[in-house]
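We begin with a single chain expressed as structure tokens, specifically the form predicted on its own.
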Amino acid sequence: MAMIETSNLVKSFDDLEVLKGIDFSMEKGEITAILGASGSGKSTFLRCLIDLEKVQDGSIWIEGNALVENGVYPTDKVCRQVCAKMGMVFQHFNLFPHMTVRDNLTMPAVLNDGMDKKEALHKCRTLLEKVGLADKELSLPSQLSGGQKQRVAIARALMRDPHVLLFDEPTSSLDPEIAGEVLEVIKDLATEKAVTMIIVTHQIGFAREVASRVVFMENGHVLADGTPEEVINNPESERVQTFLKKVL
């Protein structure tokens, strides 16, 4: 059984068709990097997988459970259940600015997931130590650097013990030096292979090093899909070759 599977996924915004029949499947523990130019549909694809955007047609299965089939969604409750073991890390952190780091991690776990407060606090502290921010528990987001905010966002996503973790260009708003802090955390998670990951990124070297698989999207289609060796080091597609020449 695939961890994630999509069939003929179609997504439009008014008259603009952003996803044009995406077929995709990945197994448990796989680390997939998605590459492509801005506007190719990468972020929209991630948002559809976790039900932040609704598709017009096609199907999505998460661990064998249907999030949508042939464009028809079940009830909101069922959608939440299907996505319960998925987490997402966004470009711009999405932390609550008026809450401490601790509350950013524990409040959603207690209020949304029904976690015991003591358990949530213990888990929060364990994860903050994991991402190198044990001393920032009582800080506000405004007191953190961009890299620290993103590491808090990763820790928050891990609070749910996700089976699948989605990263939407997690370093795109960071300076290169600070981005390295975040990439190291993601590398550590990839090494553990405890979580299936999809990473939309422009960091080609990072994708080559960390991913077991690379997907290249162009204009709402999957143009290339294979190992880093196949897609990055020896691309057959002329479009992929052109893209890599520009960004490397």
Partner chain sequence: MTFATQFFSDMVLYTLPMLGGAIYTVTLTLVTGFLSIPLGFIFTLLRVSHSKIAQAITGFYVWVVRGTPLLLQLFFIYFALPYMPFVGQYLVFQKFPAACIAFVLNYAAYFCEIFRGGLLSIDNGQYEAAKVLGFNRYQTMTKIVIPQMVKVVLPAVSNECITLVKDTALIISIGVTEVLYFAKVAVNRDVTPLPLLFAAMLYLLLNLVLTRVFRRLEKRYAY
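Residue numbers count along the first chain shown, from 1. Please read these numbers as outputs of a predicted model, since none were measured by experiment.
Missing here is the form predicted together with its partner chain; even so, the following discussion is about that form.
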task: Specify the contacting stretch among 45-53, 175-183, 25-33, 201-209, defined as having any heavy atom within 4.5 Å of its partner chain in the predicted complex.
output: 45-53
- request: Flag this candidate site as yes only if F216, R239 and T242 all have a heavy atom within 4.5 Å of its partner chain in the predicted complex; otherwise mark no.
  value: no
- line: If we test each of G132, P74, G146, P108 for a heavy atom within 4.5 Å of its partner chain in the predicted complex, the one that passes is P108
message: Against its partner chain in the predicted complex, would K123 count as a contact residue? Criterion: heavy atoms within 4.5 Å.
response: no
- request: Mark R156 yes when one of its heavy atoms lies within 4.5 Å of a heavy atom of its partner chain in the predicted complex, and no otherwise.
  value: yes
- request: Verify the contact flag for M115: yes if a non-hydrogen atom of it lies within 4.5 Å of a non-hydrogen atom of its partner chain in the predicted complex, no if not.
  value: no
task: Consider R160 of the chain shown here, and say whether it contacts its partner chain in the predicted complex, taking contact as heavy atoms within 4.5 Å.
output: yes
query: Which of the residues spanning 20-40 lie within 4.5 Å of its partner chain in the predicted complex, based on heavy atoms?
result: none
